[in-house]
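Take a look at this single chain in structure tokens; it is the form predicted on its own.
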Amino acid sequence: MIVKDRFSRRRFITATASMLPAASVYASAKSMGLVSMFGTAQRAETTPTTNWRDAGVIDLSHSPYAKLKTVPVRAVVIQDGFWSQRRKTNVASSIPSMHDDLINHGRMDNFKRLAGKSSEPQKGPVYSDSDIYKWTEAVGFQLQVGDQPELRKSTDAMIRDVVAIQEPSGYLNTYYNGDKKTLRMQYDTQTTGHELYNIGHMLQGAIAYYRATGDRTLLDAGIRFVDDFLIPNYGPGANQKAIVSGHPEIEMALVELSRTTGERKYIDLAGYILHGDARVPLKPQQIVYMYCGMPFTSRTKLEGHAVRAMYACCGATDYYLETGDASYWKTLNALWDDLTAHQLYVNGGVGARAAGEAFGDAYELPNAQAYGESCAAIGNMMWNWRMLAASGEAKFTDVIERALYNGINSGMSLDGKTYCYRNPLAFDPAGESRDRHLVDGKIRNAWYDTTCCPPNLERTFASLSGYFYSTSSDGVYVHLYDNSEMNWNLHDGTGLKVEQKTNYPWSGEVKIKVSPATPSEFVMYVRIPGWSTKNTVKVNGKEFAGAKPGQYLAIRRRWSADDTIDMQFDMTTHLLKANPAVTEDRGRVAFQRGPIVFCMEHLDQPDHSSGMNLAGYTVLTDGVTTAHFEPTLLDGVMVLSHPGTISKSATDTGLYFPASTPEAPASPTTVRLIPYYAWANRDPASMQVWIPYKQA
């Protein structure tokens, strides 16, 4: 989220011309039924809301255009397996250490100072309040999994300090006070100041905490900000000021607030913000970078700041799930096609450029210079989760899995105490001295002044159990595979227990036991991963036909207690090539086994002590890859071995030389690869995902 060069987080070039006259915005808003709503700020009729304990990561219980409904985080227990250690580390190490880092770096002093409880000056960037709110959301999801008395006690104290500074108007922000008070919600401030971004994260953290504890303290403060400060003063009405979100986030938070309270006006406000308001004068490059400020349905491609774009897509999908606006669905699918055809890294990351932390042009996917911010990969997962809910299509789940196991999982160290801000696909610590995210050559660090990624990762791992299953009008969808147990119910109220036993992702065998409270006919939709070319599915020992890669297999029958589904996925290691338009990957291959993308780290190579770097390695495409599990390496990982060659390193060759010069002699070697998510957990070392290849 740090930005430099001409697109700065703290400053944009002030624009002088608007896209459309204000009257056009007002007329459009009036036709949408928004003007009277925002002009009066009256409460709308409420609809029945979900029991606060029963909502999922997002609550789709009453969303009319959600094909799939979410399952509560608490309804699924992830047992010992691939994700259990990561989640244990998250609650035992990551969340507590981040709490201490937030305190030590003055994030709570910002609140206490305004309440007269601290003399410390304001610390951190304009968006620092959001660090507290994202951390609170992580705690909320963790408390939904199980009680943590000390964690709740410390969080309750922080919440009290937060709400203590809320002004009678409803305004709540630690940065825009004192001599900065006059800057509040000015149009220049809206583009850079993150006021609504902060409140968006506040609402999401408040909702997660409320769903864990029933405590409305932070939630009510967020509602007061929206009801008493925002809606009466800002909107499309003639007597209201315009809104530009600056950094999309508030849009999906408002929709979730509507789902929580039953208040339709929050959806309408999100729709107004997504539409943009021409009264805010913006230059074209601002509209590109911020990914807001124009009608969302006018977007044709992903561009600008990657996190902003992903969050805008999340908010737009949430808006579609509540309204069914076909123009939104058309736009969202066009943007998703652009993502998967032109912009998606093999590790599920997004964002090619450090300048502006932005998407590049189509096929612009550099490796060493890849930005791949952890928050952007999380945003990618969040967006695809919403697209999956709207459609029930497994192609969205395949992207979720790719991002989760690779580009997100790489963001947190195995001990849970250091984090990657960016996640490149090639790395040489000797050549990265100017990277502002490195400390002593290390890409993983405990703290960043822009500390958006660490609590974002923590909230993702804390909420992970909520992504495993969904329900539909005719049954249950199984999205992700790991040892787990779901105790929930079908839409008709029939209780249902689903148990998984597997060694996924290291093994392709998955056993699912289905136990309804009473024998019932419904459909079990099991996902066949897109990477698995050969698949076998058996129901109670009898083969069930129809499994196709990249689709859900619908198994309809009358289910009774302890019925079983046995699946076998193809765990053949695949050597992947990129589209030839991806110039950096020409002549290179990447290794993928199951959902896991692998990489070379120099430390693992048998020749690593000879002084040769990764520039001298090639792999033989005709070679046979072997896989073996090493339980003591990097908390237990599958290691791939593949025939290759090694020659002189690039540093031993002149910068330019005749094309007729014979190739340097190469010696046979065996290339060893580890999962990409586990890189940079030992001494600094060169790394690459895309490896030069040649025929044997």
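Start at 1 and count along the sequence shown; that's the residue number. Note that the coordinates shown come from a computational prediction; the quantities given were computed from them, not determined experimentally.
Just so you know, the form predicted in complex with a small molecule exists too; it's not on screen, but the next bit is about it.
> Is L464 part of the interface with the small molecule in the predicted complex - any heavy atom within 4.5 Å?
Residue-level check for L464: no, no contact with the small molecule.
> May I ask you to check whether T450 falls inside a 4.5 Å heavy atom distance of the small molecule in the predicted complex?
Looking in the predicted complex, residue contacts with the small molecule include T450, since a heavy atom lies within 4.5 Å.
> Would you please decide whether E195 lies within 4.5 angstroms of the small molecule in the predicted complex, comparing each non-hydrogen atom pair?
Result no; E195 lies far from the small molecule in the predicted complex.
> Whether H247 contacts the small molecule in the predicted complex should be assessed with a 4.5 Å heavy atom distance threshold; does it?
So H247 counts as contacting the small molecule.
> With the distance limit set at 4.5 angstroms and only heavy atoms considered, check whether D59, M252 and Y319 all reach the small molecule in the predicted complex.
So, no: the whole triplet misses the small molecule.
> Given that the small molecule is left out here, which of Y266, Y127, Y272, F225 has a heavy atom within 4.5 Å of it in the predicted complex?
If I apply the 4.5 Å criterion carefully, the residue I get is Y127.
> Can you work out which of F111, F591, Y421, Y477 has a heavy atom no more than 4.5 Å from the small molecule in the predicted complex?
It is Y421 that has a heavy atom within 4.5 Å of the partner.
> Choose from 558 to 566, 304 to 312, 75 to 83, 177 to 185 the stretch whose residues reach within 4.5 Å of the small molecule in the predicted complex, heavy atoms counted.
After filtering at 4.5 Å, what remains is 304 to 312.
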